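The chain below stands alone, shown as C-alpha cells; this is the form predicted alone.
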Amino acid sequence: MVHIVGAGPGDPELITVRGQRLLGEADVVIFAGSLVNEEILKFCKPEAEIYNSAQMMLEEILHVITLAEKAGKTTVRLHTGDPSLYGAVQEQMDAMQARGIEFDVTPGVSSFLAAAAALKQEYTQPGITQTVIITRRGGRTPVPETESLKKLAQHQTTLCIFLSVNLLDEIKRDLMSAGFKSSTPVAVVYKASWPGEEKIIRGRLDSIVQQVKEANIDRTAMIVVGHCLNSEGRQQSQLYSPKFSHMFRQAKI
C-alpha cells in the first residue's frame, strides 16, 4: 500500500495525526526534499528506507514504489503542504493506477493557510471579499492564458500567489495593470510556520519588491495581496450579531 501524505507547511507539528501515524508505520518513505522540513522525518521508524525525491525523476520514484510493493512493504510518499496544490502528484497517482498499485491520500495543511495564521489574518471578510484565488505566475511551468495573473487580478479578490516570489517585480506590474492601486497592501511570508525561520514582510504594492530584495527572499515564500490585509473598512459579520437569527440562536434585538 502507498500512502500519499501532505507533510504540512513546515512545522513538524502541523502534519495531521493520521499523517504522523502513517509516517511512523512506513517501511519506505519518499519525501520531497526540496521543500519538506527534514525534521518531520523524526516520526519515521529507525529502520525505514528514506529517499529524497528532489534527486529523483518520476520513473525512479515509481521504481522504488514498485519494488516496495513487490516486497510487501508500506510506502509513504511525503509531499509538502497539501499534495493537491502544486505537488506534481497527479502524474504519480495516474502511473500507480496504470500499474495496479493501491494508494490513498491524506490531506495536509497548505502553506497559504499557514501564511494566514502567521499574519493573524482572515482572507475572507464581510464587505471586502468572499473569494480567495490561489494561483502562480507563469515561469518554467506555464500558466494558461485564461488564468494569467492580469485576468485573475481583475476580480480584486484576495490573491495567494505560490512559487513566484522571484518574479515579484513582474507580479507588481501585472496587478497594477489589472487595476490594483499602488497602495494595495501586500504581505510576503517566507517559510510559513518553520520554527526559527519564518519571516513576514508587510508593505504596499509600490514598496514590496524592494522590501523583499532587502530581506534576501527569493524562494519558499507565499505572496498575499488584497484589501483583507487592510484594517480600514472592516465590517463585523452577521454571525454573532444580536440582530441576526439562525437555527441555533434567535435575535435579541
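The shown structure was predicted, so the numbers you read here are calculated from the model rather than taken from an experiment. One-based numbering along the sequence shown.
Here the subject shifts to the form predicted in complex with ligand SAH, a form of this protein not shown in this document.
Taking the partner from the other structure, ligand SAH in the model of the complex has a heavy atom within 4.5 Å of a heavy atom of residue 194. Mapping the unseen interface onto this chain, residue 189 counts among the residues with a heavy atom inside 4.5 Å of ligand SAH in the model of the complex.
Using a 4.5 angstroms threshold between heavy atoms, residue 68 stays clear of ligand SAH in the model of the complex. Interface residue remark: residue 220 is counted as part of the site for ligand SAH in the model of the complex, having a heavy atom within 4.5 Å. For ligand SAH in the model of the complex, the listed stretch (147-155, 92-100, 172-180, 74-82) containing residues with heavy atoms inside 4.5 Å is 74-82. The contact with ligand SAH in the model of the complex, taken as any heavy atom within 4.5 Å, belongs to 163 out of 132, 163, 128, 119. Only one of 205, 35, 50, 61 comes within 4.5 Å of ligand SAH in the model of the complex through a heavy atom, and that residue is 35.
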